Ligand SMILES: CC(C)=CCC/C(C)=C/CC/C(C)=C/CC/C(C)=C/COP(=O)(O)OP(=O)(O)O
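Presented below, as structure tokens, is a lone chain in the form predicted alone.
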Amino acid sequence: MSVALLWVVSPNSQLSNCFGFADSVRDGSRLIYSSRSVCRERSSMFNCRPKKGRNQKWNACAIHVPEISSMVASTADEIAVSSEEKVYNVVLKQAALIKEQLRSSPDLDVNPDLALPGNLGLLSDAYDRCGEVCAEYAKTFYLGTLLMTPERRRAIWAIYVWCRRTDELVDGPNASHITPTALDRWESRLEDLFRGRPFDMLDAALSDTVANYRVDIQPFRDMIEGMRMDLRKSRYKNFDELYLYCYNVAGTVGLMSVPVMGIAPESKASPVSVFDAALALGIANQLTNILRDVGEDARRGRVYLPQDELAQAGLSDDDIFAGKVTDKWRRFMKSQIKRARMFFDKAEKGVTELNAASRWPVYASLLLYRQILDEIEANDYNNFTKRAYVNKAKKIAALPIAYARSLIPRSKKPLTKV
């Protein structure tokens, strides 16, 4: 499956061994940075493998997992609450950090042109390389980041590249060589990065970012845990299990990026609510990835759909592997698409709480990714042999709509579908 990034993009196209990190993680050899690396894109924008949301006064944006999961699942309440609480505790910690930042420096913009000891300008080069990768693999999102302040956009690029590299460990060309031990090494390297000891230039860009913004390490660790889940799981018993997976591989991206994107000074929403909205968008994007990629995943022996809900619909893995669109499948898909749209609706209400300069790329991502669900419907729910995608004309048409919405105060914003 794949992950959704920066509230927004999902790391899922093959970055190949563009950075050399796969071999480095596998055998421990030193990673080599090359600005001339050539990468090939495997999937459309906002589909970086990326693979996988939720307060009062802003209640419409609060993700209440029991409410959503009960729509189509009948899991025990205590199980659903356990996943929700686990994720919500991370949200609370992130919100506390950003609240502290807002008190100490309400509009933090940092100077990224710091030099690594003995390497004048090396850090700036690393940020530039991160921007090149973002421009190649998430073109529309990259365009939106150009409206952000230089400091914020460079930090967002650094987060994007780390998420992409992490995703490639289990979804890239070297995935067959990746073991739990390799992921343990990658997590150890992450911890060094947060301590100011980067391993290579791209790590250095993120190390500088987390030193300048109140970004906590937990969402990064949780994303690596999502990669571990892909190594050991190919089925999910219920939506509670799937929710945790979606959080790990995509919801984490929102928690990473909100501190950099910033909360609007005029926002009346609580930081918890803003992080909830970011989490919701990550969940929505990953659920959309899952629904779009049913056939592709089945050919790899994977089913990222709640097993209990399939059974309730009179379906099984055999029906998915057979790849036939039936009335049972259409009804099942309608319920899954309804759930994903609920997360998108909850996320949309939070976008205008972000710093004004950060809204456009998030809105563009939300509008375009949500349209993938429309395309699945247009394909008569055949996600076995037809890949739902938003064509170039629709992407271009969505950009001015996203920009206009990013300028409208939330109190006046219509919450209609594109």
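Keep in mind the model is a prediction, meaning the values are calculated, not measured. A residue's number is simply how far along the shown sequence it sits, counting from 1.
The next section is about a form of this same protein that is not shown, the form predicted together with the named molecule.
Transferring the named molecule from its position in the predicted bound form by superimposing the C-alphas around the site places at least three ligand atoms within 2.4 angstroms of backbone or C-beta atoms here, which marks the site as blocked.
For the residues 165, 292, 129, 339, the 4.5 Å heavy atom test against the named molecule in the predicted bound form is passed only by 292. Checked against the named molecule in the predicted bound form, the residues 161, 87, 205, 281 give one hit for a heavy atom within 4.5 Å, which is 281.
The three residues 261, 286 and 369 all sit with a heavy atom within 4.5 Å of the named molecule in the predicted bound form. Of the candidate stretches 310 to 318, 248 to 256, 324 to 332, 189 to 197, only 248 to 256 has residues with heavy atoms within 4.5 Å of the named molecule in the predicted bound form. At the 4.5 Å threshold, heavy atoms of residue 354 reach the named molecule in the predicted bound form. Residue contact with the named molecule in the predicted bound form: residue 362 places a heavy atom within 4.5 Å of it. Put simply, residue 134 is far from the named molecule in the predicted bound form: not one heavy atom of it is within 4.5 Å. Within this chain, residue 386 is remote from the site of the named molecule in the predicted bound form, having no heavy atom within 4.5 Å.
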